[in-house]
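Encoded as structure tokens, the following chain is the form predicted on its own, with no partner shown.
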Amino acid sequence: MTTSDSEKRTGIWLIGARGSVATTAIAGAAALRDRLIPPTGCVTESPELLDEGMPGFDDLVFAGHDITETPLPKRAEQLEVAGILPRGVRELVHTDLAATDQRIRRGVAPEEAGHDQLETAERLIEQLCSFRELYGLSRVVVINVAATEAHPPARSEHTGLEELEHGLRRSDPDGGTVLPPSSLYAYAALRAGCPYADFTPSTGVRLPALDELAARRGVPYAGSDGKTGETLVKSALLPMFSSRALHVHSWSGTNLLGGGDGRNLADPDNVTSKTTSKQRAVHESLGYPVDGEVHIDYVSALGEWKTAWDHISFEGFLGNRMTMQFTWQGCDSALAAPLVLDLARLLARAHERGHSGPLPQLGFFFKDPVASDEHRLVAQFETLRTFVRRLREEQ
């Protein structure tokens, strides 16, 4: 059974739609549609994962939420100066950037998150539904690419959907918030029947109440925390040590980040969400505790670029101690943007095929995959390839 052109028309609603990752994804999708650039980094364009039933780049319509006012064309200009967007591309996709900017709505600032959350959620839901109806979209995929937030304290309202919706209807006598902004966006997306992905390590959809909502609404979700740099290398190297029976004693890393991401992660509460996510791969892949931590430092001079340095201490035959070090330098927006497009296309296809709830098959894209403790990159890719083959074959 083939998918008609009308069924492929898909909205991508980005939380943090004026940020570096979102701007790069929006500009990149338009450039790919017009064949201005090759699809380097887009795994859904590789022969092994190609599925004609997925929405094409000319089927995508972008919109989103943000709390910043910098227009997308201006943000793209800044990224061009930083060397992220190729010279000349920005002018060629200006119409797309300007049109998308007109579809961006005011989001939820952290200081606003506690003010009548049910009313806020209803506003977000109405905006998603209006976008879908106005542009005749078969579905809208919501992807969180906003700044990382601190993990909230556990609350009884998080344990079930009934408890959550009851909590959203009443005022908190202690002045607290039932849901952090990322989870409020996720709640609105699921209520609106939109597939959802957490590209950040924020709590987002990872609450029992929201898992229940996804099942009831019949929509899939994926996450968390896009795997773009240091952890990508880790997930490729870790199987080498375990398969060769080499015992890892320590794995320490230092990350130097510039830009808005680095500035946001300078907050000690926010950075804990990220470092916890980054460490999960080591412990779960090896199956035993390993010394060492991940450190993240903000270096404003790096701008949109990042550097990671890792030191690994391991033991071989006869107790011989050895070390390995690697340095990774890259542009996070350019690494993340094609994955955002991949996730949107895969989630749209999975939704069309009737999948709902967490999709561990998309763990290939994440540091902290939902419903999965598999972190080995090759194994994750094989799972993804099998999943895409199933999507092609399902009727």
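We number the residues from 1 along the sequence you see. The shown structure was predicted, so the numbers you read here are calculated from the model rather than taken from an experiment.
Unshown form predicted together with a further copy of the same chain; subsequent notes refer to it.
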Triple contact flag 246, 327 and 330 to a further copy of the same chain in the predicted bound form, non-hydrogen atom at 4.5 angstroms: yes
Touches a further copy of the same chain in the predicted bound form: residue 41 (any heavy atom, 4.5 Å): yes
4.5 Å heavy atom contact, residue 83 and a further copy of the same chain in the predicted bound form: yes
In the predicted bound form, residue 138 touching a further copy of the same chain (heavy atom, 4.5 Å): no
Contact test in the predicted bound form: residue 338 vs a further copy of the same chain, heavy atoms, 4.5 Å: yes
Candidate stretches 212 to 220, 87 to 95, 141 to 149, 184 to 192, one within 4.5 Å of a further copy of the same chain in the predicted bound form by heavy atom: 87 to 95
In the predicted bound form, the one of 300, 130, 156, 102 near a further copy of the same chain [non-hydrogen atom within 4.5 angstroms]: 300
The unique member of 343, 334, 61, 54 whose heavy atoms fall within 4.5 Å of a further copy of the same chain in the predicted bound form: 334
